[in-house]
Ligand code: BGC
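Single chain ahead, by itself, as structure tokens, in the form predicted on its own.
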Amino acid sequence: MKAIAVTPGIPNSVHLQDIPDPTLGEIPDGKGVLVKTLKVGVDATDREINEALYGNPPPGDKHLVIGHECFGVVTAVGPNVSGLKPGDYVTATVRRPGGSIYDVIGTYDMTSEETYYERGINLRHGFMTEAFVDHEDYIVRVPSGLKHLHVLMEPMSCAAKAVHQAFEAQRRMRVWRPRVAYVLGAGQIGLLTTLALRLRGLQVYTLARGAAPNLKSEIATGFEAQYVSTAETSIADLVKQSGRPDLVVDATGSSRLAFEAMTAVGHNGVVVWTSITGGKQQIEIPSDMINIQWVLGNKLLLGSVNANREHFEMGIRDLAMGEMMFPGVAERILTNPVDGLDQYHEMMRLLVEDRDALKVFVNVGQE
């Protein structure tokens, strides 16, 4: 069957690859789930893997099937599967466990090992293929009423985790009732984080470069957040208007803004970094000022990457609630469909060249 793959280490090697059909026998304990792929989302991670910035194939293979944001329908299950049946809509987690204690207990997104396994990213093939099989532990059911949001399940899991981890860490405060949050970046993660925070009742300012009105500003305001163009209002000026935020989530991919967030957050506040800055940019920061403010202000910096099953389930609940609170808004993130695996060049072109392509996804199969 067909798959979209790259040859890791070789820039711009994206290609169509023939791979064997998956079978339930690949999962030896009878808990395999066979999924027909309907849609797969792509993002900057897939672009950077194609640029050979990172990514490794599974042992014994020279290619890596990409795609880590999947949506499909179950076509068959193993004899020991109890929670899924043919016809169910599903997505799948991305990270797979290694050998640390965190991996063993199900928090494989928090592995303490240097080597990590992620489908479509590192040492495991992804979902950009006509069908795939996986263990039921990593398959998450999606309500049929949310099928129109399909590939948003994975990025929503990352947003849900970032917010959840901030609140978990702030148990140290005994009482923490954040009122104001900044979300830096209005890509898919930033907008979905905006949704998650609005559902928790925070006053949210979503910051991005583009001047309003634009699609990102319309989605942010559709979630009843306030959109701020950083080309018009600096973070420092926004602080003067709103007061210092209790929580800042950076989803920009800019190390400059990630560190600037540290100068903005208020006493007992949290900054969460979710974006990967894979370049070599160097900046000057007011390190003495940050040091003293953070020590005296009991502030916290938190890194959040990937998500486990619990976060996928949290994210799906948030999307369901979001559809009730702000109907039709999240779907606007899904901007650029590509029809068919053989259109992989167009898929990559959109990721590289089209600045207005908020969410690119491939229509792989039909029900």
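Just count from 1 along the sequence shown to find any residue number. Computed from a predicted model, the values in this text were never measured in an experiment.
Separately, the form predicted in complex with the named molecule exists; it is not shown, and the next lines address it.
Between the named molecule and the residues A76, A212, I276, I285, the one pair within 4.5 Å by heavy atoms in the predicted bound form involves I276.
Residue V94 is the only one of A220, L197, V94, A208 with a heavy atom lying within 4.5 Å of the named molecule in the predicted bound form. With respect to the named molecule in the predicted bound form, the three residues T37, D88 and V142 uniformly fall beyond 4.5 angstroms at the level of their nearest heavy atom. At a distance threshold of 4.5 angstroms between non-hydrogen atoms, V305 is in contact with the named molecule in the predicted bound form. When contacts are judged by a 4.5 Å heavy atom cut-off, E118 counts as touching the named molecule in the predicted bound form.
Although the partner is absent here, H311 sits far enough away that none of its heavy atoms falls within 4.5 Å of the named molecule in the predicted bound form. At a distance threshold of 4.5 angstroms between non-hydrogen atoms, E154 is in contact with the named molecule in the predicted bound form.
Residue heavy atoms within 4.5 Å of the named molecule in the predicted bound form occur in exactly one stretch of 178 to 186, 118 to 126, 227 to 235, 142 to 150, and that stretch is 118 to 126. Along 47 to 82, these residues reach a heavy atom to within 4.5 Å of the named molecule in the predicted bound form: Y54, H68.
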